[in-house]
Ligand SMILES: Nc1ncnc2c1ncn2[C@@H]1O[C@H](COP(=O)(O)OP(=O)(O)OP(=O)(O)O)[C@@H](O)[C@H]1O
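Consider the single chain below, provided in structure tokens and representing the form predicted on its own.
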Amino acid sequence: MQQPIIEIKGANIYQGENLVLKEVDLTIKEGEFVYLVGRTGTGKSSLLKTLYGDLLLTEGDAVVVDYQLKNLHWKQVPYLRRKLGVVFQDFRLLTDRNVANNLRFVLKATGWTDKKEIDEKVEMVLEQVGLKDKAKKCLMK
């Protein structure tokens, strides 16, 4: 049985003083592929920001890739993000490099140093999302 990589119980999520999501319960297990859809203003971004440590969770419980989100210390956030993959609708790719080099850049920026491991990870990720044939596609317009 696969263990949850995200488990939220009874969480209230705030943007500043405003309650955005109430009593959130969510479990996502390793290997699951999840889409988050909904109308503008329904709390999708607030939920994601909470999951990757951009919004502090103060009410309820949540564990994401073995990190307790309640009162997560800011120094733990980069380590949490290294273990969690999120694809955003509004991404910012560097147009002076190809798809694979954009991914390499992110891995290096988040602490990866071994070139062989970086190349293997890039290849694996591109294959998982069906873009292996686009690795060398240049992003310049």
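From 1 onward, residues are counted along the sequence shown. These figures come from a predicted structure and were not determined experimentally.
Only in words, not in the display: the form predicted in complex with the named molecule, which the text now covers.
Chemist: Can you work out which of K44, R97, R81, R104 has a heavy atom no more than 4.5 Å from the named molecule in the model of the complex?
Modeler: None of the others qualify; the residue that does is K44.
Chemist: Report yes if any heavy atom of K75 sits within 4.5 Å of a heavy atom of the named molecule in the model of the complex; otherwise report no.
Modeler: The answer is no: K75 has no heavy atom within 4.5 Å of the named molecule.
Chemist: Does the named molecule get within 4.5 angstroms of any non-hydrogen atom of T40 in the model of the complex?
Modeler: Result yes; T40 sits at the interface with the named molecule in the model of the complex.
Chemist: Any chance V20 has a heavy atom within 4.5 Å of the named molecule in the model of the complex?
Modeler: Contact check for V20: yes, within 4.5 Å of the named molecule in the model of the complex.
Chemist: Can N12 be called a contact residue for the named molecule in the model of the complex at 4.5 Å between heavy atoms?
Modeler: N12 lies outside the contact set for the named molecule.
Chemist: Since the chain is shown here on its own, which stretch among 25 to 33, 45 to 53, 109 to 117, 59 to 67 would lie within 4.5 Å of the named molecule in the model of the complex, judged by heavy atoms?
Modeler: In short, 45 to 53.
Chemist: Does any residue in 97 to 113 get within 4.5 Å of the named molecule in the model of the complex, counting heavy atoms only, and if so which ones?
Modeler: Heavy-atom contacts within 4.5 Å come from no residue here.
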